[in-house]
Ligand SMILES: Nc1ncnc2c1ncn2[C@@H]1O[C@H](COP(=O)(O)OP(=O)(O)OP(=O)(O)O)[C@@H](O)[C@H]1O
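The chain below stands alone, shown as structure tokens; this is the form predicted on its own.
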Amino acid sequence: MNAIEVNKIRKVYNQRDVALDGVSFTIKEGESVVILGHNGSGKSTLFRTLTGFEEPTEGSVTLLGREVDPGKRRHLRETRKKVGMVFQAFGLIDNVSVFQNVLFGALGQVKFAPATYSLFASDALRTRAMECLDRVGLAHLSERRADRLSGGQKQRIAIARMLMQDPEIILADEPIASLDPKAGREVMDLLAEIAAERNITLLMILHQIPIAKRYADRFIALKNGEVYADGEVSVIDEDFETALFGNSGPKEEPPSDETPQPIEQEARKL
């Protein structure tokens, strides 16, 4: 079964700025895939489309057999329940505890948001939160405030929060861009191990080719909003890197008419 199906996605801003132009691909359950491309190639727009933060001008996205339709909020919430997201900026709530941040990962599974507050959470949710913290190696920091963590620790907590969803797909948008090399390797090792042991589909945006080749089985390269190449990471060489990255200067993607909200705000809608 395909975990992700992208069918001829086209996204146009302001009726003239084309961010994605006929992008199509499928990703099977359990695959680890990296999206490559220069700034402005369409990577971020693609991820926002996959998660329903952006509505495509044309085409469709299907996750786990359900079409992503931003216009149907209840349907979208159901689709997102099994899609875990990891971001460069972590998305933690700084002034609450690590434990509380992880509990918030269960927002999509309860009827009322207060059920995820540490004072009111069920024994089952509390146990799961500690299990998720233990899996990322930070159970001993459960009572520490999130703003007192290092960058690597914050990303591990973000992964623990994501595990509370019991995801079948992980979308990781530059998960190590703000980390030092050692912390970045530890985070990537953790993501890869979790995906492998649970047969989770892992789709990542990464800039570093060596990291991509180490942690992904397959790559999809975007250039000028189109799929430039799609294949095994083993075929990436210097000539390919030059062709993909070396012939265009950096540029920003056109801004969306609707800026995606912070993850804690979006989580409350799940």
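All residue numbers refer to positions in the sequence shown, first residue = 1. In this text, all values refer to a predicted model and were calculated from it rather than measured experimentally.
Below, we turn to the form predicted together with the named molecule, even though it does not appear here.
Classification of the binding site as blocked follows from the superposed pose of the named molecule in the predicted complex: three or more of its atoms fall inside 2.4 Å of backbone or C-beta atoms here. Looking at the named molecule in the predicted complex, residues Arg77, Thr79 and Asp166 place no heavy atom within 4.5 Å of it.
Remark: Ser44 counts among the residues lining the named molecule in the predicted complex, judged by a heavy atom distance of 4.5 Å or less. Contact annotation for Pro56: none of its heavy atoms lies within 4.5 Å of the named molecule in the predicted complex.
Proximity of Arg214 to the named molecule in the predicted complex falls outside the 4.5 Å heavy atom cutoff.
With a 4.5 Å cutoff on heavy atoms, Lys28 does not count as touching the named molecule in the predicted complex; it lies far away. Looking at 1-27, the residues that come within 4.5 Å of the named molecule in the predicted complex, counting any heavy atom, are Tyr13, Asn14, Ala19.
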